[in-house]
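Below, in structure tokens: the form predicted on its own, a single chain.
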Amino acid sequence: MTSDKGNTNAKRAAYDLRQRIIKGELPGGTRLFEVALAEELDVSRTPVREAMSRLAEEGLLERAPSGGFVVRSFTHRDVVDAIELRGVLEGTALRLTAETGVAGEAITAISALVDQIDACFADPGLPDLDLYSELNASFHDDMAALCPSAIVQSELERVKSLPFASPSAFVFRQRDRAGMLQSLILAQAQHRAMIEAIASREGARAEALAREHARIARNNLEAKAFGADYQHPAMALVIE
């Protein structure tokens, strides 16, 4: 129970900090202090530390040379370019994977992961966004791991640390539940299509699908760039 509570507090802390950063309440260059934030959020220092580490991985915070974290400065153009670059690299990775070919066991394993994502839609009116984010990140990691190029894998991992470029980041308008669900369902259909293209060794198709998949994130972002009516689920920031 204690572990579950700590995990929940870390998610809540990450959500709160993420909201403040995106809304400009914590502008670029702001130094974050663990003790002060723990008091503000009414949690212990451990979940605050975990939340800041997560946001650093997502590219929203930077580790300060003297310790702690600083809010990273970025523009809307930076975010769009980061998403575009990730789409290009993921497309290249999938094309190389398809052209090289992968074992049937790998296809079976990643297909089973996509089947697990279906469970997120058990309640059509309220998808499990925490679970979706976690499994979606695993899907993208597992797909990247199939790429035969270590250089492409390394560059793809690096670009994921740019602001909003993580595959498990979501941006939705708060009142647009129908649009949110539609985006998630489309993304899931693209997951299956990418697996099919790799299994069929259709490199060009796999590449095009990966780039179109990243385009969902950009479209959701540009629907109303960083508007006040966005809602960012606790596990992440941009969709995919």
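Bear in mind that the values here come from a model prediction, so they are computed numbers and not experimental data. Just count from 1 along the sequence shown to find any residue number.
Another form exists, predicted together with a further copy of the same chain; not displayed. Remarks below refer to it.
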*Which of 89, 98, 143, 135 has a heavy atom within 4.5 Å of a further copy of the same chain in the predicted complex?*
89
*Of the options 149, 116, 108, 161, which one has a non-hydrogen atom that comes within 4.5 Å of a further copy of the same chain in the predicted complex?*
149
*Sort through 178 to 186, 194 to 202, 66 to 74, 35 to 43 and report the only stretch with a non-hydrogen atom within 4.5 Å of a further copy of the same chain in the predicted complex.*
66 to 74
*asked:* Given that a further copy of the same chain is not shown alongside this chain, does residue 85 nevertheless sit within 4.5 Å of it in the predicted complex, heavy atom to heavy atom?
replied: yes
*How about residue 155: is it within 4.5 Å of a further copy of the same chain in the predicted complex, going by heavy atoms?*
yes
_Is residue 50 part of the interface with a further copy of the same chain in the predicted complex - any heavy atom within 4.5 Å?_
yes
*Although a further copy of the same chain is absent from this view, report whether residue 56 comes within 4.5 Å of it in the predicted complex, heavy atoms only.*
yes
*in the predicted complex: members of 200 to 214 within 4.5 Å of a further copy of the same chain, any heavy atom*: 207, 211
*Closer or farther: how do the CA atoms of residue 55 and residue 154 lie in the predicted complex, compared with the form shown, if the change is at least 3 Å?*
closer
*Considering a change of 3 Å or more, are the Cα atoms of residue 55 and residue 155 closer or farther in the predicted complex than here?*
closer
